[in-house]
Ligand SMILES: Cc1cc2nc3c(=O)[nH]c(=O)nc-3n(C[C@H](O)[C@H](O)[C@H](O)COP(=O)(O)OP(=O)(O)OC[C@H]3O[C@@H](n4cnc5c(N)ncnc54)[C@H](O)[C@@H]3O)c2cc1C
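Just one chain is shown here, as structure tokens, and it is the form predicted alone.
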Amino acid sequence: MLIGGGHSHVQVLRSLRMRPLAGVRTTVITRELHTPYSGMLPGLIAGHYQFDDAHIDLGPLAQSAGARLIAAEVTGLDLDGACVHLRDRPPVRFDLLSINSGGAPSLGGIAANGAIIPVKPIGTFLPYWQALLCAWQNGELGARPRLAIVGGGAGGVELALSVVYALDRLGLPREVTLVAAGNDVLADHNPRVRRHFRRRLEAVGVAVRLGFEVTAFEDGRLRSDSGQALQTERVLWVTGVAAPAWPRQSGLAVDEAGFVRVDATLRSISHQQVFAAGDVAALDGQPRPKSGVYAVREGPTLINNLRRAAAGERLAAYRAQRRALALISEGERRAVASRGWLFAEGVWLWRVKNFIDRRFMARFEVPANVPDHLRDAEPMAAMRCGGCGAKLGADLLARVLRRLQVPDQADILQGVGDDAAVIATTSRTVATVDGFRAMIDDPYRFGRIAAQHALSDVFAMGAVPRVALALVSVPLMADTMMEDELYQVMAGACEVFRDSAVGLAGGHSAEAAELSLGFAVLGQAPEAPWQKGLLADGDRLLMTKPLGVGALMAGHMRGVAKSRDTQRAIESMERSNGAAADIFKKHGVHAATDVTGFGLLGHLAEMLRASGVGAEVDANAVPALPGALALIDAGIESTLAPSNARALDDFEIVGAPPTDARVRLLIDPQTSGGLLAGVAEPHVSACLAELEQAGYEVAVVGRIGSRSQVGGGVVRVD
């Protein structure tokens, strides 16, 4: 289990990609899906680099290493129970744990707010910086905004020069002050380096306030313990890192500051199953600054010792270098070299730094179409049984059921534990079944998606789901791993069912080649269930979710989709259609369906044929998930897309060829897609407003009208 995607752990993943570790499954838990390379942050702020230049995308890297990637925030460890506690989701078990999660911002007791912006973690800082630039450009901060940068070390100096360069490049007025607690900037560097940067800061108009120990920020003023004050609109805080609270709270041995104490092998001095590296670690007997360079240097030793620990072998010692060469950027494309008494400066050093940084980043670029590695705990000597011999063990299943909060429902008279469920019904019942194999590595979120997808068919009838039955298959692994896999996937599903007041009446579980999950769902039908065949002339077509899931999942499997875009698709699939269905009921919906495997045009064509009408679709009005159109343009599509393309034969494409990405998006297969509904025109505005208020990315994508093209119509691409 790898907590964090820092500079050491990305090297672990790269090593596993190059040389897989047989019999071991790796899981990465990280809050940030894109790991920023700290050495390139000043260049990113200055505008020399784009986001992807300075970030390692953990999605393709983890996938190429055969590792599961879980996007979540760690809140603690149960070291006796060997599990990691996560925010707003179930804990995940481990056998061997490594922590490379970085540190928390060190604010000296001052609360971060909209005016005080910690630079670490970098992933949180960058959106703040972009928002600050926008506010600056829009004049929201005044005619000549004042910005304070707290921290006189290399990070603060580099950031001050980069910020000034960026603001000047954009032609924005500014007043920037660097605040340092010490008597000079860059106190850890030699006098020539310090003198150079004092002159450089003065040359670009950065005021420097020395001996200013910030103790408070009140009424737009930074205040020091000596009574100094500085008026400012915004504060960027660059004073080092503090330890996160959860390692100490979990019982790990930590130093006085709360960082995880490790020995020369990078293993915890208190728990042999735990390793740590980078800022979060404190190396006993070898104290070093909290700097990315040490996390990079610790990577090879961490890789080696994790492999040895998994095999039960003796660990190797790490010896940290006493001094490291610092290449400090100057805002523009110039840099200073500093090591001991060494001082050198010039454009050529920025080129050297740029070369080193880009070479490091290139190590983590993942070629497309890298196959997943096998994840079995061990190859089994005996052939596995089929039929009922493939059922999961009774003890394993019982343990999972005890851990789950299985949703109950008054209609279920007899449920989990009996041979069959006994369900009381007093009205007409709708019934549906749906399921699929996992398309993401996170079993908990896959369980949520599968449950939402199954419930969506009931919502699309205007019905209320009441009861579900599960069919789940889990890949063959060690019993403890199979138990955790089953628990995670069902915990995600049960959470969705509880939110929708759906009872889980039972189901069946078995071992298989890969994780899959399906549900049969029963619901209470309204007096007049929605049907596909009741579209009326003049109806507007409303869609409640953006398209592009199929392309993004195909890109994810090939390792070419950006993790931030994949994450957005997962969030869309996790969104329930229940609230949208309730809103549609209030606004005179004539017909509805959910947009899933056949894509928008495929499901629309079914509605048009059943209703005996045609439609005009505005392709430009159809919302797309971020990154989807770019992937389709690059030829990355779901394997079902060619079959779905037959729906294009029913429509006249106006304004673009059928190969245009905006047209191909309309046949992209969706998992847990949105509802598509025909709403009478007088109700459209009110319906749209209520759906938007509920948080749906809703759009009017077409109009019903033509009866000359039953089952088809026109797709306009302007």
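Numbering starts at 1 and follows the sequence shown. Small disclaimer: the values here were computed from a predicted structure and weren't measured.
Missing here is the form predicted in complex with this ligand; even so, the following discussion is about that form.
Listed stretches are 24-32, 61-69, 687-695, 673-681; the contact stretch with this ligand in the model of the complex is 24-32, by a heavy atom cutoff of 4.5 Å.
A residue is said to contact a partner when one of its heavy atoms sits within 4.5 Å of a partner heavy atom; I667 fails this definition for this ligand in the model of the complex, lying far away. Within 4.5 Å of any heavy atom of this ligand in the model of the complex lies no heavy atom of D499. Although the partner is absent from this view, K290 contacts this ligand in the model of the complex, with a non-hydrogen atom inside 4.5 angstroms. Contact annotation for E158: at least one heavy atom lies within 4.5 Å of this ligand in the model of the complex.
Taking the partner from elsewhere, every residue among H7, V238 and A295 has a non-hydrogen atom within 4.5 angstroms of this ligand in the model of the complex. Here is the short version: of G278, P465, G548, G152, the single residue with a heavy atom within 4.5 Å of this ligand in the model of the complex is G278. Out of the listed residues T544, S98, S101, S611, S101 is the one that sits within 4.5 Å of this ligand in the model of the complex by at least one heavy atom.
Contacts of stretch 62-95 with this ligand in the model of the complex, defined by any heavy atom lying within 4.5 Å, are made by A72, E73, V74, listed in sequence order.
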